[in-house]
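Here you get one chain, nothing else, as structure tokens; it is the form predicted on its own.
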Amino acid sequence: MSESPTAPLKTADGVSLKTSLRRAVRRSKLKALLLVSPLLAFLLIAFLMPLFDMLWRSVDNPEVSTALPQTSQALADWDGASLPDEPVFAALAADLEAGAEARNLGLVSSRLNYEKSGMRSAIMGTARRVDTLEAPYKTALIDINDDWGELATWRVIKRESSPYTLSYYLAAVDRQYSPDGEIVAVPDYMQVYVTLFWRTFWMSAVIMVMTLVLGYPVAFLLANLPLRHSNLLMILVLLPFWTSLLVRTTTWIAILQSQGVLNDMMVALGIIADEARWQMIHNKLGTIVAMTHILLPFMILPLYSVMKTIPPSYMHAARSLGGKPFLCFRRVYFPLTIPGIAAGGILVFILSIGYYITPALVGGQSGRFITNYIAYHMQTSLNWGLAAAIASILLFVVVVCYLVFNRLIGVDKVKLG
């Protein structure tokens, strides 16, 4: 008897065709996953893990709770209205004695010193004499260092006993906790980071505009010149990529300094007097000039990739309809290049706010970016929490810029080559 017309089709081994197709799809997906797994592992190890580690360090606060565990526990029920009672001072003495034996008070003293000046000397000085103390510990500790008799000292210790803190983020935006625990602005002479953030953003925007103004005509020539000429011009555009960043930066120092090539030429031509040489290095101007040159190819290449796809017939048709050259360019050609402008603009802007070598070498004090202070806290002050907080804020700004860009223009319209 023949099979029913509604019976499922089967393969030679008796398995239904639908089941066989599902197995084939699963095998193909598994093969694709195995092929991309090295890339996923690389992204996880080289990108995601450092990123999460940075975000964790910006709020991680283990120093006080680890080095002063008995004090942290004793302060848990303290109301903060008056000096703690004798058990808290006894717990501090026990923690300092244990820390002096283990030689692990350096981190906690530095951490508390970030929050209140003088805490490092108070902790280290007391630890050297704590083995000679006898009860009552409250009077003995205050006799060693007056900071132990200040209410603000104990409020700082209790606040920083938490394993998480916002202190690094507050410091990154020139804020701090007051002795009463309120968030207030730091003194004017200590306000650094907000100014640096604004300087980084507006100078990056200026660099982006400069690269657009200089790169647009070059990209236009690349897209419209005959092939033999455009190839030569493309080599000149790509030449900076084959030169060390350090070499290009130091070359601009030689060109722009007071006794440099450009000033010597101006003096020789009689444009400026020898005693009135221009100061073009170790300031904002030096940073903008050097970084515009370094990042110019990142604007030219996206523009060129878009302009090369625009058929010349569009402009010919506009001219044949009676349009003047500039009108045809403004109404026909320029709108078609907006994806390239957007791609080059966001690329240059994001690269600019992340630069720190060039501003450090040619920017002086007035031309440095916020990234230079991230490097300073990572390498010199060793305040990794503050460095991570500044970097996290910078990352957040970049993500916001990306989302705004995607909302207004659309990432799907971006062409990078």
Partner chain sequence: MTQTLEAAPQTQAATDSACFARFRNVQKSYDGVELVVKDFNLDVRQGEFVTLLGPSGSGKTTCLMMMAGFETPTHGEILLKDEPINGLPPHKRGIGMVFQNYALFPHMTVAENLAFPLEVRHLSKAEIKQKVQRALSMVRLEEFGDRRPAQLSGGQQQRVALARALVFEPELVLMDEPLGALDKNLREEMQYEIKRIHAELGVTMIYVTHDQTEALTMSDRIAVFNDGVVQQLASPDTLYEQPENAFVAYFIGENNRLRGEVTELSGERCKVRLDSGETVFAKPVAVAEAGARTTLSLRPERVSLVREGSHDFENRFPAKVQEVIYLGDHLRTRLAVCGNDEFIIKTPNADGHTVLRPGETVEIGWSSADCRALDA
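Residue numbers count along the first chain shown, from 1. Predicted model, so just to flag it, every value in this text is computed and none were measured.
One more form of this protein exists, namely the form predicted in complex with its partner chain; it is left out here, but the text below deals with it.
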Choose from 197-205, 131-139, 335-343, 163-171 the stretch whose residues reach within 4.5 Å of its partner chain in the predicted bound form, heavy atoms counted. 335-343
The listed residue (313, 73, 279, 82) that reaches within 4.5 Å of its partner chain in the predicted bound form by any heavy atom is 313
As a check of understanding, the residue in 272, 321, 213, 185 with any heavy atom within 4.5 Å of its partner chain in the predicted bound form should be identified as 321
Since only the chain is shown here, I'm wondering whether residue 331 would be in contact with its partner chain in the predicted bound form (any heavy atom pair within 4.5 Å). yes
Residue 87 near its partner chain in the predicted bound form, any heavy atom under 4.5 Å? no
Answer for residue 209 alone: is it within 4.5 Å of its partner chain in the predicted bound form, judged on heavy atom distances? no
Verify the contact flag for residue 151: yes if a non-hydrogen atom of it lies within 4.5 Å of a non-hydrogen atom of its partner chain in the predicted bound form, no if not. no
